[in-house]
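Have a look below at one chain only, the form predicted on its own, in structure tokens format.
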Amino acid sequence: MKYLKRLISDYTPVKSQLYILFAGFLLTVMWQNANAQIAVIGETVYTVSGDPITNGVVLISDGKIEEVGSEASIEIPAGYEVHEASVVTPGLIDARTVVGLAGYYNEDHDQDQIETSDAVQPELRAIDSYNAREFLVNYLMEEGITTVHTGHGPGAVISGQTMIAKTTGTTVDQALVDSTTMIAVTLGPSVGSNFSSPGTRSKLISVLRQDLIRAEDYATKRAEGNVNSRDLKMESLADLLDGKITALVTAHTASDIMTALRVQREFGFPMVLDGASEAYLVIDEIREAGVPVIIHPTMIRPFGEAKNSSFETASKLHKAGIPVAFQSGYEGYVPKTRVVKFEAAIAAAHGLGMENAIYALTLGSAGILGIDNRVGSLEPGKDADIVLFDGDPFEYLTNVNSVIIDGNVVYQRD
């Protein structure tokens, strides 16, 4: 549309016919793109919501999945653009990252994942910092990651809000799926590397609890219509207490995980555990709380509070019936992101298995993030986010042949 606006602003009667023809051409291209009809054929199609389909077909129309089945049961209509691959999966989901806020230059101008002026800032919105043009966003897209849950990173008592975006588009509005998904909370010693106060674990929790108690009072007054002036910090925490937003709590050690569960019981807010390096030590407690886990990057460097991390944690949580998703997470060095499918691959090789790992990367993540009505599986009516591979998705030498997001082919390998 920006080109059409430019045409109108440059309009002169002498050039009118040329402009009309060119504008018509642009509108035709835009209409065709918005109404693309595509047939994806795969030797193996992982629908995720059902069994894999041998020699499967996925039909796409108007940005949505139209039909899924075997080649024997689906006739590809005339005029559909055909794409073929060895393996076809739903678009992969990175369930916890800072990409788009943290950039690959590792300079002050592209590092917005942590604001160090205050250790408690739930009012900070990821949508106000997200850069859809960031190189790392495109990099992940070319690896088959079509949706990211991104935002403020760990390292503050409350660092800010998170959001969900597709890895396409040139503006945040074009990419946006959900503007306010979770509030990022961190328990443990990593807060001390960014802030002089609070210092100890008990001080950190007392600060968190005090703010939640203030938010309870604010929520009550808001419900009664007795708030005289808006307080963005209290509004965000009141939304958490009202269940309108979820707490994403980074906690690695068993003791910090237990503290997170204890605070959650006290205030009753919805919660997702993040990191959870020692989750295998408190599996019963996590399962009883009904809390899902976005597990640490499987290949996280095992030191500090993550020193007891394990390749097998995802498998153990899955076997216990605890919902699990994978993340690229946050790294303190360039390029500050990982490729989540390789983290899942290691977990698959250490007890989780291929199909369970694909589930955790797709529909499992979508369920935890509350977007499983749109993405995560190949089902009619869902967003047409699809990845085409030339082999096993978890094999490092396998290539992504094509990526389709919202029914548009956004990447094709040369």
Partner chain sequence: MPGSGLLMSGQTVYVKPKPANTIEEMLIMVDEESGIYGGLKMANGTNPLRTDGTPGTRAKSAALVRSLFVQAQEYKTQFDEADGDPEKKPSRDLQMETLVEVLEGKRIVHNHTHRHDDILTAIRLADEFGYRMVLQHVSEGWKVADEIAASGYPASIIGLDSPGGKLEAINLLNTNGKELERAGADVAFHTDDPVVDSRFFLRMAAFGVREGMSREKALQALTIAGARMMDIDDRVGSLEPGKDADFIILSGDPFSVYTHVQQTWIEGEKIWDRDNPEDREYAVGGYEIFRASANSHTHLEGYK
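This one's a predicted model, so the numbers in the text were calculated from it and none came from an experiment. Residue numbers count along the first chain shown, from 1.
Separately, the form predicted together with its partner chain exists; it is not shown, and the next lines address it.
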item	value
Joint contact, Asp239, Thr246 and Ile405 to its partner chain in the predicted bound form, by non-hydrogen atom at 4.5 Å	no
Contact segment among 80 to 88, 152 to 160, 166 to 174, 278 to 286, judged by heavy atoms lying within 4.5 Å of its partner chain in the predicted bound form	278 to 286
One residue of Asn138, Asn131, Ser179, Ser310 in contact with its partner chain, assessed in the predicted bound form (non-hydrogen atom, 4.5 angstroms)	Ser310
Sole residue of Phe342, Phe195, Phe267, Tyr218 within 4.5 Å of its partner chain in the predicted bound form, by heavy atom	Phe342
Ile371: touches its partner chain in the predicted bound form, heavy atom cutoff 4.5 angstroms	no
4.5 Å heavy atom contact, Glu143 and its partner chain in the predicted bound form	yes
Heavy atom of Lys382 within 4.5 Å of its partner chain in the predicted bound form	no
Proximity of Glu107 to its partner chain in the predicted bound form, heavy atoms at 4.5 Å	yes
Contacts with its partner chain in the predicted bound form - residues in 378 to 414 whose heavy atoms fall within 4.5 Å	Asp392, Phe394, Glu395, Tyr396, Leu397, Thr398, Asn399
